[in-house]
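The structure tokens that follow cover one protein chain in two forms, given apart as structure 1 and structure 2.
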Structure 1
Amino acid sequence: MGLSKCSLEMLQEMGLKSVEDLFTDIPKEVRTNGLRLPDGMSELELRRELGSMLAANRTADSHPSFLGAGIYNHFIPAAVRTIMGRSEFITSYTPYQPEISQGMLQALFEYQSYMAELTAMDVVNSSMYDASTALGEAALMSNRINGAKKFLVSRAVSPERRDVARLYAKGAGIELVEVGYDRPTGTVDLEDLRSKLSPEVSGFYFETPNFLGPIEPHWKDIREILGQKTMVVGTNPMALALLRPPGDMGADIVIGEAQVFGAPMSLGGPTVGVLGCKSEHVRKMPGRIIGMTADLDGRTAFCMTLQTREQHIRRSKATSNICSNEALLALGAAAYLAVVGRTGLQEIAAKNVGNMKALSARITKISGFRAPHFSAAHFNEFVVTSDEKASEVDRALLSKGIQGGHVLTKHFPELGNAALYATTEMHTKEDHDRLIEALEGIR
């Protein structure tokens, strides 16, 4: 490619003749000669090509989908997109220079504030990559809190989260031990929890609502059983519009996925990992934290703080390696919560519960199907069991243009023919009708 006139002049000014003179420090034996990639495309050509390539994707708009399992299809108000579209936010980076980055800093403080309010925790950091890595980090944090080398994890968690947590634990030489769930209710099996406790155990992770849908009623018992050990609670922050917050249950650490607040599903990423804790643990926490302070003139202002925990200062002794996080999505979550407000959020959450009740009641009326499988209370997701193989049900639905619930056979064989169905405020009665009709056709 030829150089522009400006570039040539710049080279001349430096006393150089060609761009190659700038690469003489790269030894010949490691030089390559350009890239074997096609030439660039114009915006118009590319838009067309991308459009036709992506047309092969079925979207939740064109085909009703009942998938959840950690990633949910919620409504995103137009104002949220407008706010997240501000290029001053999008094209900035980590606010290393707080004086010129107050916008992002305040928005992240507001995100932390919303999350602290919803979870009733003292401090929530300004984001982790996602809930799965937040769980991994929480397992390490629990170990930092009391030094013990085993970490208990409920079986009723997403296999994706468990796998990621296992890798994080392995890196730190921590052993993950599974705690079963109670078969009829789907909630924590307290006896099993008791039997797994030992001095080597640092803490216990369970969810409410959990991966299989049930809301955990026994938090008091769990807190009591755990004694001084770390209680780590995973939650769907949308459900916290209704539910007693983990902070009230005595949680030491909270994790979750704030994708539900204003982020599209986007094939599962980017999302935003929530991680919060009691203030006594804050120095053990990973990730960036924004704090309130004042400038020289006494004006309220915000900056990153407690950075001595972090990799750029503490290097191999840091609480985590995380540097870039999911700040823009955290800002989106704050914008979402600001736009919907308390009343809006409560209505949306109630609508989710209502849809769950309505859909599960209709499914269970179909012969050969039972829902919800567990007797505990649910938020917007529930297990459906069937006489027919779950994968066959899934295939039959797909052929009718419906994406059914997530088939659980592989990871939860003990449930038999089971699938996890989610329904949110996005589903209309017609969407439910279509699913019911299709399921009736299978029987």
Structure 2
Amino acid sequence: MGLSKCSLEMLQEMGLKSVEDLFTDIPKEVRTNGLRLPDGMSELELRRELGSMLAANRTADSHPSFLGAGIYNHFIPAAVRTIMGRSEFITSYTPYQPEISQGMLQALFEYQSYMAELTAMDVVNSSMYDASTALGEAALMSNRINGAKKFLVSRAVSPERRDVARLYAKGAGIELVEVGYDRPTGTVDLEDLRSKLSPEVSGFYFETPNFLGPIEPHWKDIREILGQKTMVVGTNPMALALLRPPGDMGADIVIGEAQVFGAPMSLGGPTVGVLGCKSEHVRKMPGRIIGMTADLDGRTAFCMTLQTREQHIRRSKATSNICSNEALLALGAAAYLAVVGRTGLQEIAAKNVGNMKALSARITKISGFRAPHFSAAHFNEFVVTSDEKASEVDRALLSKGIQGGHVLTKHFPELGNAALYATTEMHTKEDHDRLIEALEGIR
């Protein structure tokens, strides 16, 4: 195929004689002789082909899924998807030129306002990548607040979340130390927390509800034990429609995962991390904060009030090297909360609790199964232990077209044959019936 005049001029400008000269750095033995693509299809034929391929997938719509462990299946109103799909939002990515991104900035301001109200924190940034990186940033932030080089983390949190935080802390020379959980309740082991406090500790991270399901009842005790050290609390924002918010209990920093507000599961991502803090710590906060102001004509306008990342200021002054945020998903979370409203959110959260109580009570009645494993109150997730191996139970359920709970054997061997089950407002009584029937068959 002959080269166009433009292509020839480009080669000449680069001092090259042919297109082949562009690839001299690539060894000939690893090159391919073009791409062997099949013949093209019409749009109708392509739709049929893709439909046939996708039919092999097992989805939460076609097969009941009780897998949670950080990603949850919640109903997403059509209005949320429509708003997120608008061209002025879906293409704006991140507002590098805020003066022409007023719509996106206002949406992010509303997201911050909603999350600040839910968590009862003074300030919430305009989102993090996910809850795992938010925890890593919280550990660094705790170190910046008081300079101490140890950070305590509850064992009853996601192992993956803990690993990400450890990776973040390593570069800063911060040591993560694990604090155990109380076996009967599944909540923080207060005596273990006391024993691991020292002047070298900057703060402590725990969750409510935690990864294993229990809601932490000992907030006041933990706050008293920590004294002036930083209390970092992780939470499921959906549960805050019913629970007392972390800010009211003395939390210095709050993190969470707002995937529950309008983001699909999408095989585990993308998600949107929440990070909020008290006003006195705002200069130690990573990411960006959107503020409301007025333009020269006195009209309401929005701006980036804080953007302490290395792309905007000197590296030595940056609080984080986070390169972006989850702006579109944060906008989706704001749209979700606006659509469902305060009462609607409470009703959804209450349905989650009701489903958890109903399902766990039915599982416990099956010989060889016990649920929930811990005695503390739960939100929508709970540990199920069984006489059979958890991995075998999982395989048996999959063979019946049901996705069971997250097997805990690898990371929580002390629990024995255990799996973490989640149920949300998406589950019907018929879904529960299918699971119970399948578990009875396994017995």
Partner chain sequence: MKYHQAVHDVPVLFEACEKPQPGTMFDATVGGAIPKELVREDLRIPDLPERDVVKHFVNLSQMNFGVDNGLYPLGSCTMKYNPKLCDEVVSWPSIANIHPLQDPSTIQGALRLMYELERMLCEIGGVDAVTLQPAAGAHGEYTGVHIVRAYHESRGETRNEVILPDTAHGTNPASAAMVGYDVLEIPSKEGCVDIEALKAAISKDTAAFMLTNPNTLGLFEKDVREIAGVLHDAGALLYYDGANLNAIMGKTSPGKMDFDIVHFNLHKTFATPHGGGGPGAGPVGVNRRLEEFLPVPRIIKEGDRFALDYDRPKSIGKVRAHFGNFGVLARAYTYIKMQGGNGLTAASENAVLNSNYLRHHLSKDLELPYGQLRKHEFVLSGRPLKAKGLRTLDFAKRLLDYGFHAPTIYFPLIVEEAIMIEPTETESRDTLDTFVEVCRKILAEDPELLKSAPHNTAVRRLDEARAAREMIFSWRAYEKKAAKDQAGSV
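Residue positions are counted from 1 along structure 1's sequence. What you see is a predicted model; the values in this text were computed from it and never measured. Between two forms, the rigid core is defined as the largest C-alpha subset superposing within 1.5 Å.
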Block containing the form predicted on its own is structure 2
_Large Cα move at S399 between structures 1 and 2, threshold 2 Å, rigid core_ = no
Core fit, then E388 C-alpha moves 2 Å or more between structures 1 and 2:
no
- prompt: So with the core overlaid, does the Cα of P413 end up 2 Å or more away between structures 1 and 2?
  reply: no
Shift in angstrom of the N57 C-alpha between structures 1 and 2, rigid core held fixed, comes out at 2.9
After superposing on the rigid core, the Cα of D25 moves between structures 1 and 2 by an amount in angstrom of 14.7
Here the CA of R47, compared between structures 1 and 2 on the core, is shifted in angstrom by 5.7
